[in-house]
Each structure stands twice: as C-alpha cells, then as structure tokens.
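The data below hold one chain only, encoded as structure tokens and taken in the form predicted alone.
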C-alpha cells in the first residue's frame, strides 16, 4: 500500500482514536488503512463527495472494517467519531465544511488538518471555535511545504507571531521550517524588485521579509 510521508505524519498526530476517526476527503483511504494496520480499534470512516474518488476509496477498503460514505463534508458525522481529519484541501473548503454543521463539533475532541493555503487563517479559525494547538509538524514533499496541525479542545491564547508561524513550529524551529521562510524570502525579494518603492504593497512585502528574517534568525 503506497503512502506518502505527509500521510504518515498525519497518522502520527492521531494519538487516541478509540472512539473513531472521521476522514473527510479520504481519497484512496490510505490514511485510514494505515491507522487500521497500526491497530486502531475505534471506528474508521472515509468520506468522498465525488463518484470517482469514492469508487477508489470503496475498492481499497473493501476487505477492512473501514466504513465509507458518498456524502459532503461532515453531513454523516455522528458521535461515534471523536477525531476529525481535514487534509488535502484549502482553508475555504475546511471552513465551509465546519460552518455547515458547527453543532457537530460537540462530538469532536481532536481535529487534524493539512490546509494547503491560508494556514494562519486556519489556526485562527479553529482557535475561535474553542480549540487550541496540540502539535504541529512541517515537511517538504514533492517540492511543496506542508504544515500539519492537531487541534484539541481548549482556550489557549496566542500571539500574532504564533498565529502566523505556529507556536509549536516556532519552538522547534527545525531545518525544514527555516528553509521554508528562506525560500519564501527569496521569492518576496524578487517580487519587491518589480514594485514601486513608495507603494503600499512594497512596504507590506518588506515588512513580511523583515518578519521572516527575525523569526528564522532567533
């Protein structure tokens, strides 16, 4: 069963799934299959909202206890599941899925996300919905940086810097984290050279560059 490093790291964030894992946008079901083979005993369910991916999901999980659903978001989420996985999608989709059924967050003890954009907004969103950041991991795969975040229920307060860069990632400040912002600054410097120095956008980008430099040099 092929599984990417990103999915392996996502499974490592799920510490206790005795009540079950509900994986939205499960694709081929690899994350759930990995959990099953690791010995998770709780309910496992994968959701897809398109026939093609759902067919792949159904086929791959056929000889396992993993349940599958052709449905949208968390429409089918019940209190049989305490861990919600929202991976491989943008922030707007993540927020839409939750906004459609906010009441179902009462079932959930842990949310694991892999947002492909607007990561600070993703942090702020779940913090504003009664969660705090339990753990964060960063990796580079196929030339793309991913930040994987585990939220648990709580009311921790965070600084703006922690919202932007991630409180756990800031503490670790590992090589992948440093390289992400070094590469980001290279692109920002190139963009800066094309802008009017007196423009508002120029000043915003310069501030972002300075902020990145400060963070990676601590």
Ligand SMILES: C[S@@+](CC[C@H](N)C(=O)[O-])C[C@H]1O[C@@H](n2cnc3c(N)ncnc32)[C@H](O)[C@@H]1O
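Residue numbers count along the first chain shown, from 1. For clarity, every value in this text was computed on a predicted model and none was experimentally measured.
Absent from the display: the form predicted together with the ligand. The rest refers to it.
Asker: Does residue 174 reach the ligand in the predicted bound form, with heavy atoms at most 4.5 Å apart?
Answerer: Because no heavy atom of residue 174 falls inside 4.5 Å of the ligand in the predicted bound form, the answer is no.
Asker: Residue-level question: is residue 92 within 4.5 Å of the ligand in the predicted bound form, judged on heavy atoms?
Answerer: No, residue 92 is distant from the partner.
Asker: Check whether residue 49 has any heavy atom within 4.5 Å of a heavy atom of the ligand in the predicted bound form, and answer yes or no.
Answerer: Output for residue 49 is yes: heavy atoms within 4.5 Å of the ligand.
Asker: Is residue 25 near the ligand? Define near as a heavy atom within 4.5 Å, in the predicted bound form.
Answerer: Heavy-atom contact with the ligand at 4.5 Å: present for residue 25.
Asker: Only one of 33 to 41, 177 to 185, 64 to 72, 155 to 163 has heavy atoms within 4.5 Å of the ligand in the predicted bound form; I'd like to know which.
Answerer: After filtering at 4.5 Å, what remains is 64 to 72.
Asker: State the residue from 127, 137, 108, 87 whose non-hydrogen atoms include one within 4.5 Å of the ligand in the predicted bound form.
Answerer: Partner contact (heavy atom, 4.5 Å) among the options: 87.
Asker: Consider the chain as shown here, without its partner, and state which of 133, 97, 77, 112 has a heavy atom within 4.5 Å of the ligand in the predicted bound form.
Answerer: Checked against the cut-off, the match is 97.
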